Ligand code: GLA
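Starting off, we have a lone chain in the form predicted alone, written out as structure tokens.
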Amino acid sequence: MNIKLFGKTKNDEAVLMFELHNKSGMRVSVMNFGATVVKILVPDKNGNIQDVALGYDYFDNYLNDSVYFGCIVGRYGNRIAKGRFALNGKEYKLATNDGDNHLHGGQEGFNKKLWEVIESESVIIESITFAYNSPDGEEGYPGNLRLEVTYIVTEDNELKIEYRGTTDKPTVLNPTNHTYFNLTGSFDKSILNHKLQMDAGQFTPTDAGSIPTGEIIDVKGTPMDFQKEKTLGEDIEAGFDQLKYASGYDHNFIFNNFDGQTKHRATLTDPGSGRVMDMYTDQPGVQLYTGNFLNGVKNGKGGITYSKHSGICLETQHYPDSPNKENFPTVVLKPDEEYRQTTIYKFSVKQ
């Protein structure tokens, strides 16, 4: 494992970068600020190894980042309406940082925290564990929460992300990783030619503010249907109200036959490079986000300015605004329970 100093926080704390790798040449760089994935280097069909994760070359840009490149977001990934929810008869008021709503943990979520480093290695895999202790009342959430996130690079060219969380009071927890992928290896190219297939027969429609209405709708016969492989750009300009609200895809999709087991749920392919990314998860849903608001994000890798649809996020999760929707799967974590999540992004090529 290679370790280097990547920068310093505003409090002059050292930010460390860790490079995980396998014998096949896959390399993943992660840092302890935000438990962030900074680089994912994998080969294309011709053996050319390139980075497929959007982000920045310099740490200072992560300090001011507002689009959540590569980080762990929490306590609650995605949105909570009006920044409020009730738990055991008590109402909690959260920070509102997305209009009137709470997004990705609030004003200073887990993505802006310096995480504790817990190193771990073995002969077969190479991994790193980060931990963050979120105090009772942080951003309005109840309970002292400890979250550990382990990144593992396997010999099967997998980036495996394992989460473990505990609390001393009932709280809500829904963390996710917010890496933007572009399998072309060239971040000045759009992801709209990528092909996507997802084992998701339903989605949760939203209002114009991206808050779920509480409905669960079948994707069949709509532009939201990715059960059969299609390009991301095929229907993105279809004039469908849900796509107009978000200027593209930014929706929670519900996996078929959810049983809490880690299963293959999606395949993303770039025909030009031949790169394929298979996603496995034990979560009931995924936020498909096509980088609709990346346009004009400066100081990208290689000095580029990112454009709309420069990257795609596949954020495994429970549903947005679940604390306020009784018909959505619960996100409540109790003191006698342990939160666990596993998500895997596996890379391969096809000619």
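For clarity, every value in this text was computed on a predicted model and none was experimentally measured. Residue positions are given as counts along the sequence shown, with the first one as 1.
Not on display, but discussed next: the form predicted in complex with ligand GLA.
- Among S322, Q283, N32, Q287, the residue placing a heavy atom within 4.5 Å of ligand GLA in the predicted bound form is Q287.
- This chain lacks the partner; the member of H104, H194, R275, K113 within 4.5 angstroms of ligand GLA in the predicted bound form by a non-hydrogen atom is H104.
- Residues with any non-hydrogen atom within 4.5 angstroms of ligand GLA in the predicted bound form fall in just one of 66-74, 299-307, 22-30, 44-52: 66-74.
- Mapping the unseen interface onto this chain, Y58 falls outside it, with no heavy atom inside 4.5 Å of ligand GLA in the predicted bound form.
- Interface membership of R265, defined by any non-hydrogen atom within 4.5 Å of ligand GLA in the predicted bound form, is ruled out.
- Ligand GLA in the predicted bound form is approached by Y180, whose closest heavy atom lies within 4.5 angstroms of it.
- At the 4.5 Å threshold, heavy atoms of D250 reach ligand GLA in the predicted bound form.
- Residue F293 is the only one in 291-308 with at least one heavy atom within 4.5 Å of ligand GLA in the predicted bound form.
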